[in-house]
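So this first bit is one chain, no partners, the form predicted on its own, shown in structure tokens.
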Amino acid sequence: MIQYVLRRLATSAIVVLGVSVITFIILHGMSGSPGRAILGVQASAEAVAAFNRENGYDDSIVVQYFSYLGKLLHGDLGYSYKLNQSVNALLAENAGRTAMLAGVALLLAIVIAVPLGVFQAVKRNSVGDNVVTTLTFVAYSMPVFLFAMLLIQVFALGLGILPAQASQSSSTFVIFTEPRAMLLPVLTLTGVTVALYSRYQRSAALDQLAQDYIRVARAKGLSTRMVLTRHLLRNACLPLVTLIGMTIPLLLAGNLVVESVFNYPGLGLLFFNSLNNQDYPVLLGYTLVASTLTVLGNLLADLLVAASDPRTQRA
């Protein structure tokens, strides 16, 4: 197990390093002259050249990358000249609210999707299974922004029972202090995630129901509830554990859309505004943090699967 963990840690470090190289090159190519983007079109060519020279933007891209990498190793993600704040401070200021939104949506999605997928597998091809399958296909195929706009149209503009804009509170626990204002963003993220998870859970449960150990458990006279909870659930959840780690970037992408639609002050809205303002240090820092979280999510999922099924450690 220790060798497996070390091997996965080494692989994860290489992946993060590769993401940093690719992201840096792409943003460097997009930014052209950082001095021009920061000082504006009205700035003189001499002022732009002086700014680039002062901040090392006139060095070769290799020199700039290793300079940025050296700062990264000391925990420095850069500086936003547009917002006049360090990228670390900006991300730290907004990360709590985004993590709370994504965490609550993820938890609700798991709580709903696991029993829903098992129910569909047990009641395969029934009316209930077909109805849920139809609804999940509709939700899964629908873009996040469209789903959010439909919820706003129905509950905010139509019925008028919920606000169209999310809470503007700076509190990390705003979901619990102002649940009414946060209900639509949470419902949007939870809905699209449940649609994905329940499909995988249904397929995994169907595979397990066809296994011999399930027939043996039933032949012993165990009730359906005991068979499902004691024997099927653990094995059927293993693919979902891996899927949860892989969907972290989807949650972050969903956050970007949801926070923009509902004007929720989190990392997604920060990224969206930085993209409009050509604030490349923030874009680079956000992308690196998101990729690191994605790698860590996959690493955690692999370790959980390896702990549950030691055969995967030899893969």
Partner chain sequence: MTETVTDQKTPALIMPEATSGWRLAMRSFVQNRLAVIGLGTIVLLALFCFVGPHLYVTDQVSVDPVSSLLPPDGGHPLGTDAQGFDVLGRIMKGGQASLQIGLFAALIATAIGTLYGTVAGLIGGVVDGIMMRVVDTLLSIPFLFIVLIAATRFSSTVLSLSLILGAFSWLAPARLVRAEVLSLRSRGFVAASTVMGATKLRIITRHLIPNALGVVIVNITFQVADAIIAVSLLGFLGFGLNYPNVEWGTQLSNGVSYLFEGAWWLIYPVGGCLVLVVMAFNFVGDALRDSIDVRLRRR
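Quantities reported herein were computed from a predicted structural model and do not represent experimental measurements. Residue numbers count along the first chain shown, from 1.
Not on display, but discussed next: the form predicted in complex with the partner chain.
Taken together, the three residues Ser170, Thr190 and Leu299 all stay farther than 4.5 Å from the partner chain in the predicted bound form, as judged by their closest heavy atom. Although the partner is absent here, Phe272 lies within 4.5 Å of the partner chain in the predicted bound form, judged by heavy atoms.
In the predicted bound form, the partner chain lies within 4.5 Å of some heavy atom of Tyr140. Not displayed here, the partner chain is approached by Ser260 to within 4.5 Å at the level of heavy atoms in the predicted bound form. Although the partner is absent here, Val131 lies well away from the partner chain in the predicted bound form, with no heavy atom inside 4.5 Å.
For the options Ile61, Ala45, Ile26, Leu69, the residue carrying a heavy atom within 4.5 angstroms of the partner chain in the predicted bound form is Ile26. Ile152 is the sole member of Ile152, Leu116, Ala217, Leu233 with a non-hydrogen atom within 4.5 Å of the partner chain in the predicted bound form.
In the predicted bound form, the partner chain lies within 4.5 angstroms of a heavy atom of only one residue of 194-210, namely Arg199.
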